[in-house]
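Shown below, as structure tokens, is a lone chain in the form predicted alone; questions about how it binds or moves come after it.
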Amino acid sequence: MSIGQIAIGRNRGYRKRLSKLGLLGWLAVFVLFIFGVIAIFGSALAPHDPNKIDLAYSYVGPIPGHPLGFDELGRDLFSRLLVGARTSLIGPIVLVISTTLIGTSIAILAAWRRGWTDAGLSAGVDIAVAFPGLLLAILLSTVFGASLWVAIAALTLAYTPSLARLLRSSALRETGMDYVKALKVLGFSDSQIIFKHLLPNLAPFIIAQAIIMFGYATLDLGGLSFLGIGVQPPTADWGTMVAAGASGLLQGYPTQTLAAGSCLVLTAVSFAVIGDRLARIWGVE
């Protein structure tokens, strides 16, 4: 058996294991698939202009052609819910990708170099973990103004240290394995070992953590939009819809808050279920 086969041997069979997601896991996949389609084609699927204001229909309930009724400004809720899926999901995607890239790079660098590099990076990560994402978001929004990208930047700074610390322990264990030593003896360069062998073996853990993180990112970005730090009105977004519907709750019109909040929660739960199932299947809990 070749060194390459030894290095990636433990990854064999992962595709077959996907069949073990179970009913709940595949239900979560289906839900996310539907939301993904809505996020891509929401603008085309929306039956009405999501930003058209008609105060005559303020807080009017469901009527023919408007299955969810109208919000406080007389805008069609169903159309806003469809269009809002895009910003509600694109934000977490960007956040998870940036956090995963930065966190993985820090973890592998610390595990590969070890010594003072590992000690310095680990100390920096421990210090960074102490800063809450909400306070960072408030600080950055004060300096740069409130927007989705400011919220993403703040949460990237908040999420990266925790992910790097989780990945570091797995990377340390992986870099100490015999196949890595054998590859070094055979003259493989650091980049060849890391990108062709180390990363593929760490991929299951990285993917599982990224999927779980997506659920948290969806709720956190929605929460920042609710507080007015993330997506800004009149842009349709599930988080801002929850905030805008708060006044309707007091008037006996909870549809907007419940509909947008349910979408956020359902998305987060679906990602959590899939991430947990993949972690169990791949044995990376």
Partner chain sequence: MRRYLWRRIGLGALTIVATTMLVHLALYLAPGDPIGYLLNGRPATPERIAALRAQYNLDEPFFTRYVSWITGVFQGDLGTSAAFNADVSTLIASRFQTTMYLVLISFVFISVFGLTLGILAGLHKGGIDSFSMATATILSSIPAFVGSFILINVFALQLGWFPAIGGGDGSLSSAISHMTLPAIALAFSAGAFVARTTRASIRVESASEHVVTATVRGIPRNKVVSRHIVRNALLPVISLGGLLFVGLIVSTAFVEQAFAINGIGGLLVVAARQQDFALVQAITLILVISFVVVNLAVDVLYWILDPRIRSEVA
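Everything quoted here is computed from the prediction, not taken from an experiment. Residue numbers count along the first chain shown, from 1.
What follows is about the form predicted in complex with the partner chain, which we do not show.
query = Judged by heavy atoms and a 4.5 Å cut-off, are Ala39, Val83 and Ile211 together in contact with the partner chain in the predicted bound form?
reply = No, none of Ala39, Val83 and Ile211 comes within 4.5 Å of the partner chain in the predicted bound form.
Stretch from 27-35, 43-51, 59-67, 240-248 whose residues place a heavy atom within 4.5 Å of the partner chain in the predicted bound form = Contact criterion met by 240-248 only.
key: Heavy atom of Ile102 within 4.5 Å of the partner chain in the predicted bound form   = Taking the distances in the predicted bound form, the answer for Ile102 is no, it never comes within 4.5 Å of the partner chain.
ask   = Can Trp149 be called a contact residue for the partner chain in the predicted bound form at 4.5 Å between heavy atoms?
value = No, no contact at 4.5 Å.
inquiry  = in the predicted bound form, does Gly275 come within 4.5 Å of the partner chain, counting heavy atoms only?
reply    = Judged by the heavy-atom cut-off of 4.5 Å, Gly275 is well away from the partner chain in the predicted bound form.
query = Looking in the predicted bound form, any heavy atom of Thr142 within 4.5 Å of the partner chain?
reply = So Thr142 counts as contacting the partner chain.
inquiry  = Within 4.5 Å, heavy atoms only, which of Leu135, Ile97, Ala128, Ala203 is in contact with the partner chain in the predicted bound form?
reply    = Going through each option in turn, the one that passes is Leu135.
request  = Sequence order please: the residues of 243-274 with a heavy atom within 4.5 Å of the partner chain in the predicted bound form.
outcome  = Ala243, Ala246, Leu249, Leu250, Pro254, Thr257, Leu258, Gly261, Leu264, Val265, Ala268, Val269, Ala272 sit within 4.5 Å of the partner.
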